[in-house]
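Only one chain is given next, in structure tokens, and it is the form predicted alone.
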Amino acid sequence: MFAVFRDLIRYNIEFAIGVVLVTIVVLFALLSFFSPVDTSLIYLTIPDQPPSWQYWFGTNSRGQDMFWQLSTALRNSLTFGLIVALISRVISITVGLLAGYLGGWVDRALMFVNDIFVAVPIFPVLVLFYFVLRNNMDSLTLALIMACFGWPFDARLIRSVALGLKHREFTRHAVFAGMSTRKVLLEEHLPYVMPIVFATFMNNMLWSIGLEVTLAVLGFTNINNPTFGTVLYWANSHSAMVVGVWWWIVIPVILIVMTFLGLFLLAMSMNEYIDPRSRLRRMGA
């Protein structure tokens, strides 16, 4: 893994830029643990103060210091994306490897369920869950629901790789040596799909954070929990751009763009590394 990281940093400028952007974003999010104020409270500072040495990112119309507010919002959004991506990766790896290796009725049954989840319109379902759960729709609940819909496309991709690995010589040798199905999948096949898992992990984080922002801006989440989406929701509710509080919109958008661009570059670089021809072309071969 270290060799892969070293090669990507050395030969892929997009990956290096993505690492820098994601590092900046993560460090800013970690600052939220040292916040001197409770970012869920309002009217703790003078409202509508522009960026200054005292308030680096200014204050909003709710009397909150935007620096600490955005730091907490960024941490919550990244945590949300990580939870969705981790749970959905576990499901996609399990379904993809089992379907590809076992085949037969197991493959048909798993792919039948997979196709059902592919066909389900996610956004209307999430809105329906919001109206059903209402006050119980916190970030963790939303993350668990979204994780149940974030795995089918990646599971089919992993299955296609597992189908090829099933007939490789090392798999036959492992079976002849008496290795169980679980050991074959975890020790022999899983390392081959890890680059795909990493790339889809970044893509899944992009998808989940973007969808959470969309839901929050429309008010279909817990609007009192600081996230990228809820920050923009309150800015829109107070007509921030109309009254001249531009930093309430501009600074969160800049952070969102940095986050999305960093994750996208990491995913794109990893996708390119998976392809041997693209990797060799990068290295000058």
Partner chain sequence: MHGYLLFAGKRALLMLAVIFFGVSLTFLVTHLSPINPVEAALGRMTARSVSNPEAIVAMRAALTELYGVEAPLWSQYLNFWGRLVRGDLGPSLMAFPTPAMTLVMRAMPWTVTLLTVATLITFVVGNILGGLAGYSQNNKFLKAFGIVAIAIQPVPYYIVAFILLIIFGFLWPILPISGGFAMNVTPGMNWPYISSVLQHAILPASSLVLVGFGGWFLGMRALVSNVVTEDYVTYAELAGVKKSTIVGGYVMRNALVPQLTALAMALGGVFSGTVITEQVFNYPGLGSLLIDAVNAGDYSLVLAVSTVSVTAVAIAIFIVDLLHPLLDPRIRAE
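Residue numbers count along the first chain shown, from 1. Keep in mind it's a predicted model, so treat the numbers as computed, not measured.
Not pictured, yet referred to below: the form predicted in complex with the partner chain.
- Figure note: of the listed segments 145 to 153, 188 to 196, 68 to 76, 171 to 179, the one touching the partner chain in the predicted complex, with heavy atoms no more than 4.5 Å away, is 145 to 153.
- Although the partner is absent here, residue 124 lies within 4.5 Å of the partner chain in the predicted complex, judged by heavy atoms.
- Using a 4.5 angstroms limit between non-hydrogen atoms, residue 117 touches the partner chain in the predicted complex.
- In the predicted complex, at least one heavy atom of residue 213 sits within 4.5 Å of a heavy atom of the partner chain.
- Using a 4.5 Å cutoff between non-hydrogen atoms, residue 267 does not count as a contact of the partner chain in the predicted complex.
- The partner is absent here; in the predicted complex, the one residue of 260, 234, 247, 55 having a heavy atom within 4.5 Å of the partner chain is 260.
- For the candidate set 41, 46, 31, 253, a heavy atom within 4.5 Å of the partner chain in the predicted complex is found for exactly one residue, namely 253.
- Residues 123, 124, 125, 127, 128, 129, 130, 131, 132, 134 are the ones in 123 to 139 with at least one heavy atom within 4.5 Å of the partner chain in the predicted complex, listed in sequence order.
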